[in-house]
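The chain below stands alone, shown as structure tokens; this is the form predicted alone.
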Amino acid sequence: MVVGGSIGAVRTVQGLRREGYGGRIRLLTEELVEPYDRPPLSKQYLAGSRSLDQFTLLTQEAAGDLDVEMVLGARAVGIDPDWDVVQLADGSRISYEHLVVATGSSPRVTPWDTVEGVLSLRDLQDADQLRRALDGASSIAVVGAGFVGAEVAATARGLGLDVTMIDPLPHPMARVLGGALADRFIELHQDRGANLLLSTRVESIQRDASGIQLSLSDSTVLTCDVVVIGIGTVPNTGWLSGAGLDLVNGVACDARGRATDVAGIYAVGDAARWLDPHDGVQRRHEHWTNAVEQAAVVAKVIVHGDAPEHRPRPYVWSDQYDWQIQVLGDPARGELIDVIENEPVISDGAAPRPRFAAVYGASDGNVVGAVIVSWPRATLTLRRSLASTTTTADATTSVQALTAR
């Protein structure tokens, strides 16, 4: 049984059949729509340029072709690991032999009062609510300058809204990128007309006849029509409480996705905290590619009894305005070594679009991360560098060689 409608859930059931699993497979999701991809919600779907059917992950027809029983609107509220049973909100109990937790994560609870027009974005219902709010709005404040916040800000600017992005840290996307490239991303948003209030906290949020009022740490008050909160997520594991699992920041798992405390239970994606063989630390990686890779490992373990340890190589991408941003490894853990510039992309009637790759190194001289903008060949080159423990000097030389082609 797979619980959840995430990319990790879908790839798990697909992987089980691909590996030759011949038993019954159920996929339970609490949403009333077929599983869909999350990344477009803050970009193309919010902008109205893509419809839900264009990023649905698994239709009922496709599930039937896989001989997978997909149940929509089925909310799991508990498990009894002694009897291998999942309890649903409607009171029914479903038995399992193997249970894969793929319930994703939810927006972190905000420290401010609940106010009409203050929204978050994590699922389709959130996206639809935000789309309706933006239709009649002229201004929006985005609290949190992480990737999702920056994408919402970019999308809202594209729709013609006045945008203010607020974050207590001095750099946008700082937890992933660090601060070395901050000026480039600050300029990206400012050049498109967004207002950035960095190193600034929101003290309170209220609403009156003039709109939503945000009282800020610099003693100013910002008034706007819509507020989107993006201050992080927490794993959706509350339904597993009392089952004997370690649920501190996700289901604790070994490097093959097996729950460390209860046999027969696995977890993938945002709801999971896997052991990283690189350093022996359990981490929760909130990345699309990580969920896909974990699902493949779990499918192999269930079918064959074992699989190679998963050695995560973080990879994140983000579309903001006309920039395609790709982040490899963990740049925030290293030092910026070099930024390699390529000729900008020039399109008819559009401003030149920059292309560059930033290489980050650890104290041992090896590449620890990279940030690439609108340069796919550099991304491929640096992915190989990270996979093979390459020195920063060699990685930089390899990318520089691409500029001559």
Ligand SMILES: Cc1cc2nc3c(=O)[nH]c(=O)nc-3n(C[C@H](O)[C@H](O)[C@H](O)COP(=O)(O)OP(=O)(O)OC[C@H]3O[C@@H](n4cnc5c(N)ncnc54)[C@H](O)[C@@H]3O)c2cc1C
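Just so you know, these numbers come straight off a predicted model, no measurement behind them. For every residue, the number given is its place in the sequence shown, counted from 1.
Beyond the structure shown, there is the form predicted together with the ligand, which is absent from this document and is the topic of what follows.
A.B. asks: Only one of 208-216, 183-191, 117-125, 167-175 has heavy atoms within 4.5 Å of the ligand in the predicted complex; I'd like to know which.
C.D. replies: Stretch with heavy atoms near the partner: 117-125.
A.B. asks: Looking at the ligand in the predicted complex, is some heavy atom of each of 41, 151 and 236 within 4.5 Å of it?
C.D. replies: So, yes: the whole triplet contacts the ligand.
A.B. asks: Under a 4.5 angstroms heavy atom criterion, identify the one residue in 74, 245, 99, 229 near the ligand in the predicted complex.
C.D. replies: Of 74, 245, 99, 229, the residue with a heavy atom within 4.5 Å of the ligand in the predicted complex is 74.
A.B. asks: From the list 144, 331, 104, 250, which entry has a heavy atom within 4.5 Å of the ligand in the predicted complex?
C.D. replies: Here the answer is residue option 104.
A.B. asks: Taking 4.5 angstroms as the cut-off for heavy atoms, does residue 196 touch the ligand in the predicted complex?
C.D. replies: Answer no; every heavy atom of residue 196 is more than 4.5 Å from the ligand in the predicted complex.
A.B. asks: Answer yes if any heavy atom of residue 316 is within 4.5 Å of a heavy atom of the ligand in the predicted complex; otherwise answer no.
C.D. replies: Because a heavy atom of residue 316 falls inside 4.5 Å of the ligand in the predicted complex, the answer is yes.
A.B. asks: Looking at the partner-bound form in the predicted complex, is residue 379 within 4.5 Å of the ligand by any heavy atom?
C.D. replies: No - in the predicted complex, heavy atoms of residue 379 and the ligand never come within 4.5 Å of each other.
A.B. asks: Is residue 286 part of the interface with the ligand in the predicted complex - any heavy atom within 4.5 Å?
C.D. replies: Judged by the heavy-atom cut-off of 4.5 Å, residue 286 is in contact with the ligand in the predicted complex.
A.B. asks: Residue by residue through 1-35, which ones have a non-hydrogen atom no more than 4.5 angstroms from the ligand in the predicted complex?
C.D. replies: Stretch hits, in order: 3, 4, 5, 6, 7, 8, 9, 28, 29, 30, 31.
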